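The chain that follows stands alone, in the form predicted on its own, written as C-alpha cells.
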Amino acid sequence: MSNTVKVTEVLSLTHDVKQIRTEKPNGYQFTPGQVTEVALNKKGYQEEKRPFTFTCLPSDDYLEFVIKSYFDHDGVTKQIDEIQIGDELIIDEAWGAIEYKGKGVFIAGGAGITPFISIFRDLEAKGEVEGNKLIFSNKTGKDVILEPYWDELLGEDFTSTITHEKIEGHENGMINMEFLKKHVDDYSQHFYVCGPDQMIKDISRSLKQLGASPDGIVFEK
C-alpha cells in the first residue's frame, strides 16, 4: 500500500548527499536497516520508484532518508537533490534483509552506510553501541557521510578508509584481505556488509576465507 507524504525538512550532509525528512503516516512501521520504495509525486516520476533506507528510529514521529545524488544522468536522485520543503514523496511498505542480529563489525562503502545509520541510532537509544565496530570506505574525504557522528559515537571503534586520496586520521586503501587482517581479530562475530555489489562479494569472500561463518555475514540480498 502506498502513502503520499510531504517533505518537512531538507539538509545537505555532503556535496552530493541530502537528509530528507517527511511526515509519517499513521501506523507506519519498519525495523532499523529496512528500506522502502520511494517515488516523487511529480509528473513523469510517480512510477519511478527507487529503494531508500530509513535513517530515523521506528519511534520517531517523522520518516527520514539519507540519499546520495548522481549527477551524471538526469535520474531520480538528481531530481531528489532539488527537492524542497512541501514537495511530496510516494512511499510503499518497508522491506529489507539487513537487520541487527548481535554485536559485530559493520562494513560500509559509500551510500551503503545508510542502513547502518538507523541501526546505530537504535543501538544508541538502547545504550547497546559498545562492542560494535564500523569500517567505512569512501573515495574522498568529502564523501564521508556523518563523519562527526561516527567519531563521537564510536571513537576508536570507527575506522574510515579513503581510496582516492591520503588524509590524516583516515586509512588509505580498499577493504581487502590485508585490511581486514589488520582491523579484525575475531571472525566468530557478526559482520554486516553494505555497499556496491562487487564490494559485498569481495568482502564476503575474504571474510569467509579468514574464518567467518557464512551465516554470520549479513548483507542486502
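Just so it is clear, the structure is predicted and the values come from calculations on it, not from any experiment. Residues carry their position along the shown sequence, with the first being 1.
Just so you know, the form predicted in complex with a small molecule exists too; it's not on screen, but the next bit is about it.
Looking at 59-67, 22-30, 149-157, 176-184, the stretch with residues near the small molecule in the predicted bound form, meaning non-hydrogen atoms within 4.5 angstroms, turns out to be 59-67. For the residues Leu123, Ile90, Ile83, Val76, the 4.5 Å heavy atom test against the small molecule in the predicted bound form is passed only by Val76. Although the partner is absent here, Ala39 is not a contact residue: none of its heavy atoms lies within 4.5 angstroms of the small molecule in the predicted bound form.
Shown alone here, Pro196 lies farther than 4.5 Å from the small molecule in the predicted bound form, counting heavy atoms only. Taking the partner from the other structure, the small molecule in the predicted bound form has a heavy atom within 4.5 Å of a heavy atom of Arg50. Contact annotation for Ala111: at least one heavy atom lies within 4.5 Å of the small molecule in the predicted bound form.
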